[in-house]
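Consider the single chain below, provided in structure tokens and representing the form predicted alone.
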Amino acid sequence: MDWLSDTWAAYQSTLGFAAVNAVLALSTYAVLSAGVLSFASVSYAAFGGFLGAQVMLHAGIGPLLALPAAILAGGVLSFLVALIFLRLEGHWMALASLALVLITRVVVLNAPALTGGVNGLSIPVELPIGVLILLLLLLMLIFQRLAVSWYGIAARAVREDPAVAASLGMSPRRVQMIAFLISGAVGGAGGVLLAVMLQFLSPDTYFVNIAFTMIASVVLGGSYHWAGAVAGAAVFTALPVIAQAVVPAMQDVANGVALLLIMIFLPRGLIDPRAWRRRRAARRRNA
């Protein structure tokens, strides 16, 4: 049993970061599922993370009690962002969201009272890995319910063709506004959970690197199902750790090769509902 305890001690932080990355990836998936490519989840995470950290530090409460404040902060910011961004189309929205990430870093640097500025912010608070996993499972259940609700059906229709969705009586702007709100709330939650995992926040915590992680997790896992974001985050988090253990001298090469193989042989990601439907149809025909 010693090897089991040693393995758990060695990899429990990896499991924790995989869960947090999954929450952040679900924030990105929320808007992508409605046909919007946006990096603004980073800003929601920053807003929720720093606000949640301040609440924990000054009110002396735990992460679970600070979580609602972070969710609300992310939701409010996403509503304000959606009012502006939904006036844009296509690549202009993606570029605007990327600019928002850069603006967020400038704000973090110049608001030391809230963020600690260049010195960062220390957060001596812990959250058990089991609680973190339970929060992720609860979020997965919520996304599953959303997927089969009227909103999930409308979001898929808007993503495929907004004009056709509008002709069927759906409002693409309303659906995308809801997607922004969901993304903001989930992003705010992910931001405060990341703060608790790192126990330190700096201007570089919520920056372009985490935006890349979010997008890569959704694309690698599969952008056509919420489970793809979770699977992609798990792979994207575990891959460097496995490569470090197996081929430490060629870690970066191994990471790149593995990602390329996934993109070549699974272009729609690890989770592909369309492929599942085709296999079921093929089995029925054979039967």
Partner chain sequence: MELFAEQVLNGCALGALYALFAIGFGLVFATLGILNAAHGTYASWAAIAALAATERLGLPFPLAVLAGVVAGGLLALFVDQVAFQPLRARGAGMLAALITSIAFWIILDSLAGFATGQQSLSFPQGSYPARMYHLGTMPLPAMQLLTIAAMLVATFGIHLLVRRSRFGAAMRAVGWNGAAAALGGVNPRMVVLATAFLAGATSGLAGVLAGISTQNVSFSLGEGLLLKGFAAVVVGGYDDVRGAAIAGVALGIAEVITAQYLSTSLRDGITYALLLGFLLVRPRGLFGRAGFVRA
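Just so we're clear, the structure is a prediction, and the values are computed from it rather than from any experiment. Residue numbers count along the first chain shown, from 1.
FYI, the form predicted together with the partner chain isn't displayed, but the following is about it.
Can you check whether Pro68 is within 4.5 Å of the partner chain in the predicted complex, heavy atom basis?
Pro68: no contact with the partner chain in the predicted complex.
Considering only heavy atoms, tell me if Glu160 and the partner chain come within 4.5 Å of each other in the predicted complex.
No, Glu160 is distant from the partner.
Is Gly62 a contact residue for the partner chain in the predicted complex, using a 4.5 Å heavy atom cut-off?
Output for Gly62 is no: heavy atoms all beyond 4.5 Å of the partner chain.
Exercise: Leu57 in contact with the partner chain in the predicted complex, heavy atom 4.5 Å
Output for Leu57 is no: heavy atoms all beyond 4.5 Å of the partner chain.
Name the stretch: of 184-192, 136-144, 96-104, 170-178, exactly one has residues whose heavy atoms fall within 4.5 Å of the partner chain in the predicted complex.
One stretch meets the cut-off, namely 96-104.
Out of Ala227, Ala234, Val219, Leu51, which one falls within 4.5 Å of the partner chain in the predicted complex, going by heavy atoms?
Checking each option against the partner chain in the predicted complex, the one that comes within 4.5 Å is Val219.
Looking at Ala113, Ile84, Val164, Val148, which is the one with a non-hydrogen atom within 4.5 Å of the partner chain in the predicted complex?
After the contact test, the surviving option is Ile84.
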